[in-house]
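Given as structure tokens, the chain that follows is alone and in the form predicted alone.
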């Protein structure tokens, strides 16, 4: 699940900070503390080993990408869904406990099908705009294309050794993958996942960098990449009229490294969290910046202490303006930001740090989990008109609950019990009463077709 522990991937984490992480664990991750397991000498040996260069560096080049590609069906895809359900209200549920995916009917909450996936899917599935196809990416580099109409895999390819996520153009013309290792962006033909081009990620100063994530900016016909190790933001345009594949990045040089992006609803501006050099240390304090993609520069600073999780932020109309809300991976609060002047207008205290926040245009409420700490079994519900917390749910005492997603009409909220013997709990989004629960194996994420393809402001894209 974690990144490849190579010296080239640890440039921003100095050895003393790494030793602190190994000793004391790392906030907002699955990394535990080992100070009570190994003595100081052994812990130092571990860190020294991690920072040593292997005799042979692992590689994954274009020839390897091409050789890995597989066509998984030769049947012509049907032009209509093969099952009886409202396709727009279907959920794709990622179960990481046993590495499966469940396709769920959002009207009846019945399973349409369930199938095995690659190990450790990450970054959320990405849909074509007509929802005919959905693409998955795994931590170990596999990108898979799945025919949602006909419930079968179409093709797959391995794009790297350690992959973060993918982004997909509306019609599935292009798929672009973000890699931690090798340091690259891989552009694929979305029809058959054949390789178009590998873009080596190197700054103007010649420094190589991991890619934190890549996003699709629909209204701009471009992909936007967050770079992990250098103060640059990349926008990679494409032209479907030519067609011109996305290959040449437009570089926006920053005064800080930005991570964990949230886009304004029109995709003209992007909010990014700044991370200090020794990321993960106990003294880490975060903030943020706003970048205008058209102007190609920073236009505002953000007051966001702790570790804001902007990638899980949502937005809605509040009084006479648009606002966004972000959970925090370190501090027990939700930050509310005015999207006109970029000021933090309120901080809502929670029972602990949260990972996911979700809402829907047709519900008056926003839901946020308490992912870390003793209250990990809580879900907070916030009134979007008053910015006040109105309810706290405890779906399964003692168990981690997270990642709310709404049905197409916003009438039901689905909550995950993120345990190997977990569940998907369906709530009435108006009364907060439990409707049903479905046993599942660590359902880390569920994704409603309508909300994703229509870019609902209540969910991440």
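Positions refer to the first chain, counted from 1. For clarity, every value in this text was computed on a predicted model and none was experimentally measured.
The same protein has a further form, the form predicted in complex with a small molecule, not shown here; the description that follows concerns it.
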Inset, instruction - Verify the flagged residues 129, 152 and 408 against the small molecule in the predicted bound form: is each one within 4.5 Å by a non-hydrogen atom? - result: no
Inset, instruction - Note which of 198, 144, 165, 274 lies within 4.5 Å of the small molecule in the predicted bound form, where distance is taken over heavy atoms; exactly one does. - result: 165
Inset, instruction - Check each of 172, 124, 306, 249 and return the one that places a heavy atom within 4.5 angstroms of the small molecule in the predicted bound form. - result: 124
Inset, instruction - State yes or no: in the predicted bound form, is some non-hydrogen atom of residue 437 no more than 4.5 angstroms from a non-hydrogen atom of the small molecule? - result: no
Legend entry - Contact of residue 135 with the small molecule in the predicted bound form (heavy atom, 4.5 Å): no
Inset, instruction - Evaluate residue 30 for contact with the small molecule in the predicted bound form, applying a 4.5 angstroms cut-off between non-hydrogen atoms, and reply yes or no. - result: yes
Legend entry - Partner contact for residue 450 in the predicted bound form: the small molecule, 4.5 angstroms, heavy atom: no
Inset, instruction - Using a 4.5 Å heavy atom cut-off, indicate which stretch of 335 to 343, 152 to 160, 213 to 221, 379 to 387 touches the small molecule in the predicted bound form. - result: 213 to 221
